[in-house]
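The chain that follows stands alone, in the form predicted alone, written as structure tokens.
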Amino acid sequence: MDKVYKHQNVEKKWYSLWEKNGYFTPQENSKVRPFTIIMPPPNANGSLHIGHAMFLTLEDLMTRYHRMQGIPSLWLPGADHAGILTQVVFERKLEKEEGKSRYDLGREEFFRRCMEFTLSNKKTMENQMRAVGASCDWERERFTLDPKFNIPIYTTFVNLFNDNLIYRAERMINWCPRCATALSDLEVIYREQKDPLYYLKYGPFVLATVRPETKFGDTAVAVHPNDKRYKKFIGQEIEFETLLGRAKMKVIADTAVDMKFGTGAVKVTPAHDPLDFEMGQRHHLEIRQVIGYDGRLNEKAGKYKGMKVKEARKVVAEDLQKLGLLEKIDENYIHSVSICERCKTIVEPMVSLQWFVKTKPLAQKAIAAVKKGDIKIIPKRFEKNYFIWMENIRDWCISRQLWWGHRLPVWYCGTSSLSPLQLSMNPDLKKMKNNGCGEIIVDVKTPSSCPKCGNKELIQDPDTLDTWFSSGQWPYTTLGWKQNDEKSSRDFNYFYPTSVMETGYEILFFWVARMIMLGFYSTGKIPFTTVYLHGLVRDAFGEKMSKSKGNVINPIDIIGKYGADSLRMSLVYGTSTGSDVKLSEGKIQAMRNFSNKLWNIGRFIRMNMDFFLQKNVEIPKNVPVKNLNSDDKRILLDLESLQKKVTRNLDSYQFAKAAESLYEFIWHELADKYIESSKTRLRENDRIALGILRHTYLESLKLLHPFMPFITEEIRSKIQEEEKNPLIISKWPNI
């Protein structure tokens, strides 16, 4: 053995051997229930980050552990086309490098080049997964935008539509002017900011608002029915001066009004505020849209037409002040603003014709599965959040005005069924003559003609599906559901439902809840029995990692410097299940020191083995059972206790406890105590001492292999040369 462990020479060698020999592909056994993990597909638009290294480490650890137990273990890898995020990334690249937009390329060419960009990143990303040591079955690798997924994904859409669980309607949505698409509630994040609060005069009322630019879309004044200050106005129509002349408006009473906000009376703008929209629905108010999808005021705003929201807000406030219609401004109003999770643009609430999923009926079984314990969420404390969200779930907008993604399996007979938004964003469709009957056809495959009028010139809906709609079906579509070939059917029947869904707690609602709902709906079964949630990886001070802060840890750079095993162990050791992980280069260095300690122990044993061979002293292949002294008996008892402890902790998903037990035993019990007490005996050719030491160390390497696969494999090959099978497929200690 070399004097120093050189991970650069070891890791690629062993990974190549494992993959080449097919150790990642499970051997099916009809008598044994398999262990199955479907990888949360990383976004295929960039390199791996430290969060990816976290989930890869945990999932590889579980897979290697179950594989060593003799259980057919499938870890199915994949990548996500990532819808809006990839489109944003590629559009920025296109603009920066070529000064072009997607409209310059056209839909077909944009999609082709975006696919080229994504597949190139995907290949790079997969090689980075290999560098981490991911023992996933590359023969079953999947990609969410693979055309073969169209049939199963469309089948779910069509079935939901036929069951009246998907519908098309004009409803309030989150609109991102930068990405030019609708967003689901979960794609919107919130930040607190300070904005002026304007007090506007509306006849006898003074109304507080942060958005004076939306006043052109007001269709009522609302007060709380129990507010004594305004009871006499309820049901009346008031007349007042506006920037566009005299106007009349009805006063309504609604319990949604907060009597403590501003003056207790509010303007109602159903087209541009979610709460106002709901109020408008209850009171049958007109929906008057005054801000377009381009983020500019439209013709209903009179002379302010064409202004962007921010500019219009300033000008409108100034003009109101000139006319004496602005009573005062509170410059220190703190409130929460919704922004696009992807591009960080302020979201504009809009009423738009979109496709929605009725989620409440789907949520019922998903809630019951967790309450009954059919699905366990680890840590258990996240169950409370899950129930709160699922019990208050709102319908899910699944149509996106993007070009990158699965097209909706919807066809229109003529342009009359297309929304104004779809026509405005697709010039080619706008130019078409309406020569159809307006029928809407929802089908898995492209229909040959309209079933109502026979027209063969049908138009596919230009919108794409929300990426979470396809990834929400990930556990069963990846295993071959509705793909109608023998291998796919066999995989689905054997590996589904899966065992564990391991992912970050931040996407419990984004993804996990949707997988449970859609899995139940499509297959009639739960998609997995356990949900294991890990925390975010933060810096040593608990701060979120970001390039601007300069505290980002690049996993590939770290692997090059310290080795994959050191990174993996640092991500597991000393962490609390479901809590954020504090990671520093110092911690990784400490685990590299542990690697060196492991290597030095192995090298010490190898040197003694060589010394014994030179002296023609036989080395015991099995653990000696006779003539043991007190140190021998103690270390064997401690080893047995360690085996039970590590197995118990791995079975209960207490990965950090297992890692800490191994670290303490190997460094302190084995190295500091037993080796030190055995050195004199080894110099005297004591076969018992070497046999006990070698056995204890080899068993420790087995237990450590799921955590640190490369170094354990290399050391074991050096000191147990008679064993032809590698450690990856060795048998877990039988306790």
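The model shown is predicted, which means the values in this text are computed figures rather than measured ones. Start at 1 with the first residue shown and count on from there.
Separately, the form predicted in complex with the RNA exists; it is not shown, and the next lines address it.
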How about Y663 - does it come within 4.5 Å of the RNA in the predicted complex, if we only consider non-hydrogen atoms? yes
Whether V257 contacts the RNA in the predicted complex should be assessed with a 4.5 Å heavy atom distance threshold; does it? yes
Does at least one non-hydrogen atom of S576 fall within 4.5 angstroms of the RNA in the predicted complex? yes
Looking at the partner-bound form in the predicted complex, is V266 within 4.5 Å of the RNA by any heavy atom? yes
Quick one: of N593, N164, Q281, S416, which gets a non-hydrogen atom within 4.5 angstroms of the RNA in the predicted complex? N593
Position in contact with the RNA when the complex is considered in the predicted complex, options K384, K328, K633, K194, heavy atoms within 4.5 Å: K384
Specify the contacting stretch among 294 to 302, 386 to 394, 233 to 241, 357 to 365, defined as having any heavy atom within 4.5 Å of the RNA in the predicted complex. 386 to 394
Does any residue in 590 to 610 get within 4.5 Å of the RNA in the predicted complex, counting heavy atoms only, and if so which ones? R592, N593, N596, K597, N600, I601, R603, F604, M607, N608
